[in-house]
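Before any questions on binding or motion, here is one chain by itself as structure tokens, the form predicted alone.
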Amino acid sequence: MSQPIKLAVLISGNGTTLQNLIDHIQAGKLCAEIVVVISSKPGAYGLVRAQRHGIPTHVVPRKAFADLTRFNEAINQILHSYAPDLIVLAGFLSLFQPAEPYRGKVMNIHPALIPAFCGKGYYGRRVHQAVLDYGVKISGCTVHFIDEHYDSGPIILQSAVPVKDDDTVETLAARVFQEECKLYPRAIQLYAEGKLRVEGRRVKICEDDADT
């Protein structure tokens, strides 16, 4: 394995996904270094998690900018100073528009099986409530590269979980999050090893193409 890849993590809230990545890195299960955490909300607890581990943090409040373009320009300016190899969205609630050097280098995880229950407005509890209201039997999570729309970029990995008859939003969310905690680090590790190839809307895992 070569040197750890440099990750920038974008958050808006509690930072549970961020903590999961930190834990995997510290356990030697993910060859990466988180070089910066950027939050769109000043009070996000994820900032505390990052600071406890000595990770530099920045706050770029969405409400401080008149439009999405200027908001993203401010984020990209910070990113330039850290030169991450990969940008990871971890509960980031705004539409991120990466600068040219980062096109194709931004991942997100969504708590449902895209293309179901995704898009603008589908986040957090809303996703799981929609799953329960619709009555589907299977849900899960999806790791994907981002594009210019919410939850529509090429899919990297997916994992399914059963939806039980007695599920609540909380129990379903907990079951999906258990899968997220395994799937996201795996996808990042595949990227770090140079094993992901994007061909149109398909992401191929090329196990024999990179050194391990």
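Counting begins at 1, following the sequence as shown. Note that this is a predicted model, so its numbers are computed, not measured.
Keep in mind the form predicted in complex with a small molecule is missing from the figure; the text below concerns it.
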Of V131, A90, I75, I87, the one that lies within 4.5 Å of the small molecule in the predicted complex (heavy atoms):
A90
Ok, Y102, Y82, Y122, F71: which has a heavy atom sitting within 4.5 Å of the small molecule in the predicted complex?
Y122
With the cut-off set at 4.5 Å between non-hydrogen atoms, does Q189 touch the small molecule in the predicted complex?
no
Is there any non-hydrogen atom of F177 lying within 4.5 Å of the small molecule in the predicted complex?
yes
Taking any heavy atom pair closer than or equal to 4.5 Å as contact, tell me whether D167 reaches the small molecule in the predicted complex.
no
